[in-house]
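Take a look at this single chain, the form predicted on its own, given in structure tokens.
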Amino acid sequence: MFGVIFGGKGNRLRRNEAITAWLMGAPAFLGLFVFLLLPFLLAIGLSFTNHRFISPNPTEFVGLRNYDRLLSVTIVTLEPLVDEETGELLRDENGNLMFPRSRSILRTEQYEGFGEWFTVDAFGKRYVIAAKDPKFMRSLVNNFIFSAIVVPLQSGLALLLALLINQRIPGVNVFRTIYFSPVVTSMVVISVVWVFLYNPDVGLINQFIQAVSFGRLGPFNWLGSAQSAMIAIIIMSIWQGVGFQMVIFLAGLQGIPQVLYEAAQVDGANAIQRFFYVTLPQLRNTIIFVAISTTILAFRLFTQVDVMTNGGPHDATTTVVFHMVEMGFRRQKIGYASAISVVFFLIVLAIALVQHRVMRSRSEV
């Protein structure tokens, strides 16, 4: 009898705790649904339409047309030009083979809607890789290049800074504040400041390079050159975001039991050995979190590009998010921009899952 009573009370208590937990979490769940899940579901629905913000025409269902335009890629093979009289291959002043213009081929009915993405010369032929949205493809490549450089460099630098400020030395809190302050500063403000720093005429960076090299180097047009614009944004982004990963690594370092270091030191391990055999294994989960979060943040690159280069020069710094905003808000093509957001979400999700699995499997070996 007592068991039944207490059992009933226990069930009621657990049920009341569950109800209380759901009620306490309801505001957060509601916010996630309204601001994340619902917009994403709406984006999926709009991606199958030709919806525009301002248009006299009603919204129509277009099926997979937006996705077809976004993802269609083809290869056009061009044969070298031949002299009609001699039958010899035509060459330019530098001795390179001459080919017909790709535009003349892509304007035909067979390749309607395609534009040149890039070309490759191999085996005496020219291969033109064309896409229906070459800018999206360039944006995706720029995102991958940016992430491939920023994620390892920023994470490695953040770990180094965390190791330095984890030391018990006077004034270490000042350095922590200095390193973290760019993270809490508006990205727009930082981008504007760095535009002045990169200025080819009066920018501090160019003046420093000229002073160090005694006028032999510079000035460089950092943001005006297709070769250096992305590098300039990468440098600024690493400087701005390294403090965030530094704080996460610092929390992980402070959670490592000191007894492990003492045991390793008793066994005769030096500082480098303690780092590789104690610190890194204990930071396994932290490293996985930092790598995945940094990758996601890197793929969200937008503000720096919008303020500093506006996607140029020649689309050298355009990104998927920048292209999506441009198509959706500046050109009012909401349906097509929604398709970009859905594809981009799936790409980032796949990368994060693969990255998590690979890092997990390596850490378990």
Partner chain sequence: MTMTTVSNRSGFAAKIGRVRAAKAIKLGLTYAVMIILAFIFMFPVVFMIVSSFKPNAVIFEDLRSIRAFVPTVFSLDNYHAVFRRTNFGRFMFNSIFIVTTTVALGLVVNSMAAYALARLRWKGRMLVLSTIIALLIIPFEAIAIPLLFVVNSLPWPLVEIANGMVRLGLEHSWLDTYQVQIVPFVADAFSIFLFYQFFLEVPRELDEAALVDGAGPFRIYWNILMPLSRPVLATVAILQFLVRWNDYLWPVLVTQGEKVRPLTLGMAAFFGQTPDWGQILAFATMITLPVLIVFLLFQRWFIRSVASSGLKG
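Treat the numbers as computed from the prediction; the structure is a model and nothing was measured. Residue numbers count along the first chain shown, from 1. Throughout, rigid core stands for the largest set of C-alpha atoms superposing within 1.5 Å between the two forms.
Unshown form predicted together with the partner chain; subsequent notes refer to it.
Proximity to the partner chain in the predicted complex holds for none of 141, 144 and 269, with the criterion being a heavy atom within 4.5 Å.
Screening 226, 120, 189, 280 for any heavy atom within 4.5 Å of the partner chain in the predicted complex leaves a single hit, 189. The contact residue chosen from 258, 167, 86, 94 relative to the partner chain in the predicted complex is 167, the criterion being a non-hydrogen atom within 4.5 angstroms.
Heavy atoms of residue 62 never reach within 4.5 Å of the partner chain in the predicted complex, leaving it off the interface. Contact between residue 222 and the partner chain in the predicted complex is not found at the 4.5 Å heavy atom cutoff. The partner chain in the predicted complex comes within 4.5 Å of a heavy atom belonging to residue 325. When the partner chain is considered in the predicted complex, residue 129 lies well away from it, no heavy atom lying within 4.5 Å. Contact with the partner chain in the predicted complex, defined as any heavy atom within 4.5 Å, is confined among 167 to 175, 259 to 267, 69 to 77, 105 to 113 to 167 to 175. Heavy atoms closer than or equal to 4.5 Å to the partner chain in the predicted complex belong, across 134 to 162, to one residue only: 161.
Positional change of residue 61 between the shown form and the other one stays under 2 Å at the C-alpha, relative to the superposed core. A displacement of 2 angstroms or greater separates the C-alpha positions of residue 31 between the shown form and the other one, with the rigid core held in common.
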